[in-house]
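To begin, one chain is listed below as structure tokens, in the form predicted alone.
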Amino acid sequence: MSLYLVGGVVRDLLLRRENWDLDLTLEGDGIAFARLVADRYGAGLAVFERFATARLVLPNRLKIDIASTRRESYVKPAALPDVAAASLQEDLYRRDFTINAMAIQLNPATFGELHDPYGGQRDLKAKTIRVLHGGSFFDDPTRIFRAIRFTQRFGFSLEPSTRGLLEEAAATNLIQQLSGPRLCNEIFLLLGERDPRKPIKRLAFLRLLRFLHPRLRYTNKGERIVAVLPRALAWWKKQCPDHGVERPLVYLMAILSKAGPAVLRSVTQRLQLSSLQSKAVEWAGRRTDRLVQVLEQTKDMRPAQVYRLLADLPDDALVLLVAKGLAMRKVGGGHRLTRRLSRFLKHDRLATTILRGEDLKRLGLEPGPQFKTILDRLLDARLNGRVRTESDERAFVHRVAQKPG
């Protein structure tokens, strides 16, 4: 049986770029072959019978996708394809762009032989993105996002007829037919590029943000925040090296900077975001704007006041807050905000009291709602430097408990 390395990894080998996203295709039963490989190398195996594909996870955590060579047909635009066994040439023809429609043979007798029936090498040299047929974007509108990603990632240009086909497809409502997870995957892949600023502008130019929400616009303010996000992310990494954030989500939140609560809820529902992602997106719009205003413009704030404002924010929202502060610096602001954020992250965020609820019981206090009030006030006192030791805390609790109400 003939076995080939296919797709993006072949493109990147020819471009001398690193890529460990390994796709193999077999002229034969790819799933049966995958089972043999899994048995031999002790790999984990997931099988997707409908698409004649399997995914291997080797003991060293390397992932390899193995598929049978196949053709695809679409019952309707944007639907998942039906597949049937086919030759290698047909398999390559079903792919998105010529630069991804090449294969390298892996059988020993012909190891390294390149199969390029549609001019992928030619287009790599010409730095051109070209679809293989006129119906490509209509069959699979996720290719619209992929084309935008690749033009930015590689510095390539769309071949003129491909550009026309993309703009024609973008003007339709085909993308609306994509499921939430498929749309979310493409949006996050695009926003996860090393520098997604130009791709975001392209999305806005083609009016593709309307598929997140009809009223969503990429405003000048959103563009300013996106422009400083690389600096905000670098600042965050320096301040909190052990707390990573989801970069695509932060970029999405920046795009949503001027959105109201109803739009934010609608976007999270459309993309079917997780509960944690949805919680972060809730802070994308005006809620963080209000925080920026308070943290930047209020002259005298005790550390406990800053803590109460920021304690419930997810990390992604804190990064967005940093970006909004950096965006303000062009008009002479943002310094007070980032200074307060830095103190919160380095000193106050993980602050705790020595005394706990059990200690309050031992001090003779009756359990009840007042426990939370007392402990909150105790934490504020510690943050503000009014108490430092356990005996300080006990004295403070005693004073608070003696006061009526």
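Each residue number is its position in the shown sequence, starting from 1. Here the structure is a predicted model, which means the values were calculated and not measured.
Omitted from view is the form predicted together with a small molecule, to which the following refers.
With a 4.5 Å cutoff on heavy atoms, Asp23 counts as touching the small molecule in the predicted bound form. In the predicted bound form, no heavy atom of Tyr218 sits within 4.5 Å of the small molecule. Using a 4.5 angstroms threshold between heavy atoms, Thr142 counts as touching the small molecule in the predicted bound form. Contact annotation for Trp235: none of its heavy atoms lies within 4.5 Å of the small molecule in the predicted bound form. Contact annotation: the small molecule lies within 4.5 Å of heavy atoms from the stretch 89-97 in the predicted bound form, the single such stretch among 246-254, 311-319, 89-97, 227-235. The single contact residue among Lys258, Arg149, Arg270, Arg202, judged by any heavy atom lying within 4.5 Å of the small molecule in the predicted bound form, is Arg149.
Taking a 4.5 Å heavy atom cutoff to the small molecule in the predicted bound form, the contact residue among Arg153, Arg290, Lys279, His335 is Arg153.
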